[in-house]
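One chain is shown next in structure tokens, namely the form predicted on its own.
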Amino acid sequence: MTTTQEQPDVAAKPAFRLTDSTLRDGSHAVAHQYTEQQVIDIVAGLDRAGVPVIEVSHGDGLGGSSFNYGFSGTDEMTLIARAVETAKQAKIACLLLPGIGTVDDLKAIHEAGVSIARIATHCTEADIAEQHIGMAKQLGMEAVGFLMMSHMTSPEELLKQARLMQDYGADLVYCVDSAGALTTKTVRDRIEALVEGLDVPVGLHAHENLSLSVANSLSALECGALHIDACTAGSGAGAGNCPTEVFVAVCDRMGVPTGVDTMTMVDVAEEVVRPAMNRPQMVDRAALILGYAGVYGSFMLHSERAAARYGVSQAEILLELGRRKVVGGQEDMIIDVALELAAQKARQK
């Protein structure tokens, strides 16, 4: 990476591949209520800007529309079909969490024209991804390993898990900061371990809960990562993801070629994505505590609703979830903790 402030040649070979997850991770920020027209407009804008990969699915991945995770306003296969139809140059990707999505879901998205399957597990449970990575490869799709909540294990253990995904056939593996709890140092430790220990490329998926998503993504690039995730207008779970337009602009200032047109991205963020958001993404109290306590980003709205329903503090719910090391898939624990806090509050009266 260079450190000059000259505008790079947009046609220059990108230094990394950008995946925009506005229509997947950003789905959390709108309670999974994206409409067909919003998907069409967002995909068209991102495609026009030159974003190479656009991820589309329920926030919790294929099959995530449920009581536990939140029902989608529109069937995800309909949204995926609109995305595939709209994209002219971008590849469409989908996320799948084994146990929520199935191999049949992979077959369905492949038939719909999706070319990239991102298979996500908790950072110590890569072994449950073998069948799904294998099926993605069998279907001729690009298979991406996605190790969530990567702050919860050591760089050494993360490498062991990443090697499993590599052995199963993953074409690349991501360190995923689902809670926005990693710092520039802890990102470096993990990315360096993966880059040095794997034969496949490495990526970073950063969240903004500690206001470090752009810095962490730059650190990952400096350590050899070749894939970076972001969300336009910083949409996403918790405080949101690394904001695409900001990250692209910073890369331009640093002379790092992205292949994405910065001003087009700024327009898409302001004119297309922000109007679709229920509220601006920000590092407010709850979002900050998510990162501080290391809590799964998608717990934000669930904990907000539980706090209001049971008359307890959302901050206390999140801190307790962090103490219990609750992870994605344990959303039912949010209600349990809220009920316990409400009972404690009643006893103190």
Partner chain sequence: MALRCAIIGSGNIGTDLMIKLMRSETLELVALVGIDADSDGLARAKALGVQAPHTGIDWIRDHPADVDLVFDATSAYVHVRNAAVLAELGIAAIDLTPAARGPKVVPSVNLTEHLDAPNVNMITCGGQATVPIVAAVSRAAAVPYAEMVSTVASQSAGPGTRKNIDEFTRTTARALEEIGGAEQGKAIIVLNPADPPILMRNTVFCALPDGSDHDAVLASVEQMVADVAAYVPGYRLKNRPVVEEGPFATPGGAVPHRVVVLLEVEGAGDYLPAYAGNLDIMTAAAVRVGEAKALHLTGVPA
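What you see is a predicted model; the values in this text were computed from it and never measured. Positions refer to the first chain, counted from 1.
Keep in mind the form predicted together with the partner chain is missing from the figure; the text below concerns it.
Here the chain stands by itself, but in the predicted complex one stretch of 184 to 192, 274 to 282, 260 to 268, 93 to 101, 93 to 101, has heavy atoms within 4.5 Å of the partner chain. For the residues 128, 254, 200, 139, the 4.5 Å heavy atom test against the partner chain in the predicted complex is passed only by 128. Taken together, the three residues 65, 122 and 327 all come within 4.5 Å of the partner chain in the predicted complex, as judged by their closest heavy atom.
Contact check for residue 296: every heavy atom lies farther than 4.5 Å from the partner chain in the predicted complex.
Although the partner is absent here, residue 69 sits close enough that one of its heavy atoms falls within 4.5 Å of the partner chain in the predicted complex.
Residue contact with the partner chain in the predicted complex: residue 335 places a heavy atom within 4.5 Å of it.
Taking the partner from elsewhere, residue 292 is found to have every heavy atom lying beyond 4.5 Å of the partner chain in the predicted complex.
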